[in-house]
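Below are two forms of the same protein chain, given as structure tokens: structure 1, then structure 2.
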Structure 1
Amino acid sequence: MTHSSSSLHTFGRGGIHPGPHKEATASREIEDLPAPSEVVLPLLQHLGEPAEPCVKKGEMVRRGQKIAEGGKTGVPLHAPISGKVKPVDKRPHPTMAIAPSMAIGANAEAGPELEFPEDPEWRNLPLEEALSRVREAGIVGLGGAAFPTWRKLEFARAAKVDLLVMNGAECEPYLTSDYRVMLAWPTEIVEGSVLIAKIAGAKKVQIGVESDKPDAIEATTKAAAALTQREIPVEVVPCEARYPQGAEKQLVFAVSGRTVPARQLPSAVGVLVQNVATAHAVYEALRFRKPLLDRILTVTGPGIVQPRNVRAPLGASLADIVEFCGGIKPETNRMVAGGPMMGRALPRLDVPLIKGMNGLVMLTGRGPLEDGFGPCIRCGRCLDACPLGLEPDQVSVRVEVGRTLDCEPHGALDCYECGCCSYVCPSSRPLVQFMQVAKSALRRAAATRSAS
């Protein structure tokens, strides 16, 4: 599985090979969740202000119809299914415990999905129009961050980026949703990337894909070669399969050789990074004015009866999605939303599917921390694994004795919580959490200092 990295593009130091674990779903096509009886849409789906409902309770809405305005900084919400609007209420949320949400009960009387006819001018839209379609379609980063895409594009344009890097690395173990999206819609992704590049002002597109997905590399390469309009060249760059290849700065370095300086965004070196699934959504938004209604996610792990790649309407209950995949085995003891390296454990499944959720991984067996952790034996594995060259061992032993404020020289403020260090620690030390503790203590101390 380890490739001689000489021929493949990759990042500099550190990283791990946690094993792909992708076999269960890699060869399965994307399957549609049977129409759910209800969807729940939290008004706050990303950073920024909450969406403002523009339909009343009891109103009938059709799939695709706008139901809430995004305000100055957010994106609007659309009805993912046809049905009757329920009152806004506090409902369970996957990451915020409970959040004010709209809901729609499926109802045949509401009528079919809205029609989204093609706009023949879709390739040549004026900039303002293109950007507003991205915004009106409710598109956010589908790689997990869920930041409104129109804002990122606007920012990239202002920062005068010249290169668009498409993230098709999917370096998280278990997940195959981006991979299946690349196989299902390679042309749409390539076209969508060109559309994004135009909006952002980039002159070139590079699509980074890990080398353990050769057919995705082939499909996107073919689609790029078949482009009829060629003013923006599209290149597919095979990268080493190594975690965290898909982390923004790592990927930018791997595919373009550009080093994003410390504490700066990729735009500092003229790069915008977008996820491949986002490109597909942008393509549909510009060509058909079709809003983001569904999300594709991988439902997998040893605890799921029938691992699948599922396309489900946003707001569908995770319980329904899991049910569609045969349910969970009794030995399941952790349910992770997202990938197993950076995802969050869920306490319950009666929560809605949100835009940024790319996977649901059911894990069995005892978790890394269930048997406690041991002392640091100074083996140095975490130092070798950290892609940033930080010192989680030094931070952890200082935090243990309450010296959190001595952790800054050892990198506590720079940690982006990729989890490589915790993964390799033979003493099962929760190094990411030690880094977090030190980071927030240092931030608090800095805040008090500047306040006084």
Structure 2
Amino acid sequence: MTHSSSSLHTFGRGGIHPGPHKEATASREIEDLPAPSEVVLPLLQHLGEPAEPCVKKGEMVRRGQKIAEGGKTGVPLHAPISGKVKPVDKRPHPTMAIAPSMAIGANAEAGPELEFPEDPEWRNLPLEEALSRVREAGIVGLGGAAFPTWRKLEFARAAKVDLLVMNGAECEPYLTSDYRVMLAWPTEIVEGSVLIAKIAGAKKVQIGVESDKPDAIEATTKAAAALTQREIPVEVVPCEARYPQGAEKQLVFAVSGRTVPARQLPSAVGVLVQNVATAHAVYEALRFRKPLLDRILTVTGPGIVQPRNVRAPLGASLADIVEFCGGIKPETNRMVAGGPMMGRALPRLDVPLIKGMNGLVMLTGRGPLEDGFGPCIRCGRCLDACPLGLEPDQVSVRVEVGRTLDCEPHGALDCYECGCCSYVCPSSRPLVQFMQVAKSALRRAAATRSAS
């Protein structure tokens, strides 16, 4: 296993050390957004088929009530506030421009939120019951991928994984939501991790946390030591603060020494990876049958007046969340959902908070590509920075001359768009975007071949 000079666990090659920019929110405890007057819930905010409404326009619903079924591959939606259901309509979506969405207007006549009493047998649920509760709770991967958690657990069990790796690295600059979750609920995260391991069939849990979060390492270590259920050992593994430490393949190697082959999932080497916030959601689903109703996100950046870690109901308007944080500064010119390395630029704020969103970063100053970009100077910095050993330079020059289908030998299909190459390029070349163009072209060509 590769270690840094300080003996911290880390991955083998590439990576960068961007400025963390976490100081504005690292010390901020999680604060609750005031109850919104309306929430908008896109029917598709996970990988899989869209949810299907099971309540009608005008119906009164209570917070926690199921309002849409998940279908065969998706997850259900639940009312994050009590109120009256509005008609399903196409509304703005943070990643899809517009999408069919349900809306609920707050209404006191709907009554109080549903109660979720503890199940005294929550630690010893039969496998199928535990998996059913995860599914019914509408839980998806809260690290950003938004893959339905019940499906990932089924896949892991079928693949006979033996190790669960919990991702507490949070290597993206600016973001501190996972960090604050680990400080707020370390026992619940450890308990939830053990529950996930049981469902997946894993025999051990390793929680990877970057070394710049020493109090989170201490809190989770103490929680693991205090576990009363010890049939599955839990180890907290301090990792080097190095981007992209939280990427699945890099984290698996860092904590376990196992190498995930190209174009394969961690299950290929017996590993399941889950986010620490997902573990907290699974804990609440199994112990209390509580569905996923809220999302904790970091609202930060030089363009926000009051950076905060906010707990908000799903479907709350990003505009309301920004207002809760004092609003944006006049010089703000870019808004990013997620972190600045792998997040998505937002053209507007009148869009809802969705399950996969863990941050909102407001940026100022000149952005990437505003001054254009230069030719590749063959410096090789992108080759050194790429954690997968790909060749972004070769892909970029081929895309520029229209040879996109020649890019596969240089790793275009393997790229997960971490942005390390673009970050270090002295010519400010949009290497990630070149990779995206090549990847799309190669996939279209493969689909055409399969159809013919």
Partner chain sequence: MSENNPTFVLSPGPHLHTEESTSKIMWWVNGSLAPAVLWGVFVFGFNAALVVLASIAGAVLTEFASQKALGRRPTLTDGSAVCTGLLLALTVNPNLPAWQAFLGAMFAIGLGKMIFGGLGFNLFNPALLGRAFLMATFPLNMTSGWAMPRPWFGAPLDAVTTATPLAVLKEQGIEAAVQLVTSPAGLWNALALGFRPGSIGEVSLVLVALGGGILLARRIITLAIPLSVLAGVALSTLHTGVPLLHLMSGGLWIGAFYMATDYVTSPSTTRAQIAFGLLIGLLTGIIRVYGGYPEGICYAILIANAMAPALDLWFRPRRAAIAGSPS
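Not measured: the values here are computed from a predicted model. Definition used throughout: the rigid core is the maximal C-alpha set that superposes within 1.5 Å between two forms. Every residue number counts along structure 1's sequence, beginning with 1.
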Quick check: structure 1 or structure 2 for the form predicted alone?
2
Is Ala24 one of the residues whose Cα moves 2 Å or more between structures 1 and 2, with the core superposed?
no
When the rigid core is used for the superposition, does Ala441 move between structures 1 and 2 (threshold: C-alpha shift of 2 Å or more)?
yes
